[in-house]
Structures are given as C-alpha cells and as structure tokens.
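The chain that follows stands alone, in the form predicted alone, written as structure tokens.
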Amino acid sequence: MAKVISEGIGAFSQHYPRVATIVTAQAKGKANAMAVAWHSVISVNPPLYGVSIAPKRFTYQLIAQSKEFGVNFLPFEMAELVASVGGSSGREIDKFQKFNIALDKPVKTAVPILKDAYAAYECKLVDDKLYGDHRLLVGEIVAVHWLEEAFTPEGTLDSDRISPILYLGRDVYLTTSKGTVRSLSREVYGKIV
C-alpha cells in the first residue's frame, strides 16, 4: 500500500488510539471534570505526569487557580461517561451532579477522585507552558488511588479484568479484547538483531 505524504497535518489523528481519561479540578468552590486523551507520564523520579489542555477550557482555569489536578482512568464500561463529560461544558452545568458521578476522597489535594476509576492520580502543578493552542500542565503525583485487583502482580493492567477506554478520535471509542495481550521479554527480543 502506498502512503500518503502531505505537508499539512490534515486530520492529525495518526497518533490515536490513546487511553481516554477524565481530568478533574476544583477551585473556589467550583469543580469540573473533562475528557482528556492528550496526556503522558513524564518522569518516574520525581513522579511527574503531564496533560495537554486548551487554555479556554473551564478545567484549565480551575487548575491555574488551584495549582492541582486529578487524572482518572476508567474501564471501558464507563465510555459513555467520558463522552458525556467531554461533550458538555462545566461553565454551564455541574457535571458531577448531572452525570451522577460518585467520588472518593482525595488525600493530598482537593481534586475530585472518581469512585469508578481503576486508577487515579492526585497531582500538584509544577509547570504550565503554552505550546501552540494548548497548555502542557505538568503535575507531581502526590497520591495514587488504584484498584489492586485491576493489576497483575508485576504492576501492569490486567486486561482480563479491566478493559481500558481507548479514544480513536472523532468521538470513536474502542478497547482491548481479552486474550490479545502479549508479553514480549526484553531479554529475548532485545537480543534479536
């Protein structure tokens, strides 16, 4: 098959699928949740996590005020919640009330932690920089909430128990199929030249 080569970015969706998350924030008595697919671990020591958010978003304004945010990872059964949170504005509605989002208590911040998340990070903002039309917010992870049975003894997500929400772009979601995960040892495959 021939590849298309363009000088413009076009739809710019070649980097998908990505794990969909819900980023949460709270400041001055207002809280919000938004769907985010542009996020990544940045460092293990110290534990830093980054999310990319447009500065016009209500959640960005709350993070800029409070200097903290939460990152919540949900199972595929909650894809409709991610789509609902992503398709509505926190300036106009209270998403926690509208979508009946149950919460757990944070331990080191005031950010909302979603009860249905199989993992969630509480982050303290350490950097906020503009890159193009988005801001890269880097937070130090100060607390991790995680469902122990969702992970293998080695610490990876157990895909037989939890199917993550993967965002494909353009309001399309998918997940992994049970039995399709392969563990490929670096000791074996790293030596193949």
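All of these numbers come straight from a predicted model, not from anything done at the bench. Residue numbers here begin at 1 and follow the sequence given.
The same protein also has a form predicted together with a small molecule, omitted here; what follows describes it.
- Of the residues given (Ile101, Val82, Ala117, Val71), Val82 alone sits with a heavy atom within 4.5 Å of the small molecule in the predicted bound form.
- Figure note: of the listed segments 120-128, 143-151, 34-42, 156-164, the one touching the small molecule in the predicted bound form, with heavy atoms no more than 4.5 Å away, is 34-42.
- The small molecule in the predicted bound form is approached by Thr59, whose closest heavy atom lies within 4.5 angstroms of it.
- Among residues of the shown chain, Pro112 is not one whose heavy atoms approach the small molecule to within 4.5 Å in the predicted bound form.
- Interface residue remark: Ser66 is not counted as part of the site for the small molecule in the predicted bound form, having no heavy atom within 4.5 Å.
- Interface membership of Ser89, defined by any non-hydrogen atom within 4.5 Å of the small molecule in the predicted bound form, is confirmed.
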